[in-house]
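Starting off, we have a lone chain in the form predicted alone, written out as structure tokens.
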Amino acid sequence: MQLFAIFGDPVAHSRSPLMHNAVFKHSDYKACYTRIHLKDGTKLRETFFNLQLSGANITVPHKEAAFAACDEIRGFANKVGVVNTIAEEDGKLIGYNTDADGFIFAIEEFKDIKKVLILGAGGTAKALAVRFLEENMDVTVLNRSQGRLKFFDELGCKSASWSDFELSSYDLVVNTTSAGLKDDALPAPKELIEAILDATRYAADAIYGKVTPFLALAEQKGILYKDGADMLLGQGVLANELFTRKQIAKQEIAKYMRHSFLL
């Protein structure tokens, strides 16, 4: 019996156990998936091996710590320095990032996206910025302060802090911050968010399972929006493929994970 888990702080809200356990159950795959509330990201590697995990997902705020915990980084994660999925191979931790492709999957119905504004500058923002640039989109990153914007400047994104932001028009605005996850906070001052939403066609939030204050404002303005559920599904399918080493067909994984959202 293999054991998998999701690390995060907070993590009690995570639907990942329902999603992955649904796949394992219906596929007769001998594995179980649980949640681990981890306060200190530097303890991730130690905790992983102490629990004899076979793989893990990582959510906020530990995605950059997960990158540092790995022995080898593969694929897209190399471009962003951020890991959201770890698989154990021969005693080594192999790091991947499935966030960005999961998000592209999630916004397929949003048409003609050419100009994007990302709110926040953490691990999810990094993954999305790189992926959006690969799709030849014009990307701006808005963060509370300048401190974490160097990465995005070096990528070729536009960037700004709250104090020096100059409003433009956008096709899509994405909240990657944790604002609204545990509270009623917005990802930036209300007057700034109001102006931004008035200047976009679509809105998306990486948070799932609730209408965040950010999405509630988008809804009030009649803006088509999505929460993070489809992103979660997309990245979860890819992560499960890595966990099971493609022993279960992608279409089957997606079917069982979609069903888990009804539970």
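A quick note: this is a predicted structure, and the numbers were derived from the prediction, not measured. So that there is no doubt, residue numbering starts at 1 and follows the sequence shown.
A second form of this protein, the form predicted together with a small molecule, is not displayed here; the remarks below concern that form.
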Among 66-74, 232-240, 42-50, 215-223, the region lying within 4.5 Å of the small molecule in the model of the complex by heavy atom distance: 232-240
is_contact(S159, the small molecule) in the model of the complex, heavy atom dist at most 4.5 Å: no
Any non-hydrogen atom of T85 within 4.5 angstroms of the small molecule in the model of the complex: no
Close approach of R144 to the small molecule in the model of the complex, 4.5 Å, heavy atom: yes
The small molecule contact in the model of the complex: K115, any heavy atom under 4.5 Å: no
V130, L186, L172, L93 - the one with a heavy atom within 4.5 Å of the small molecule in the model of the complex: L186
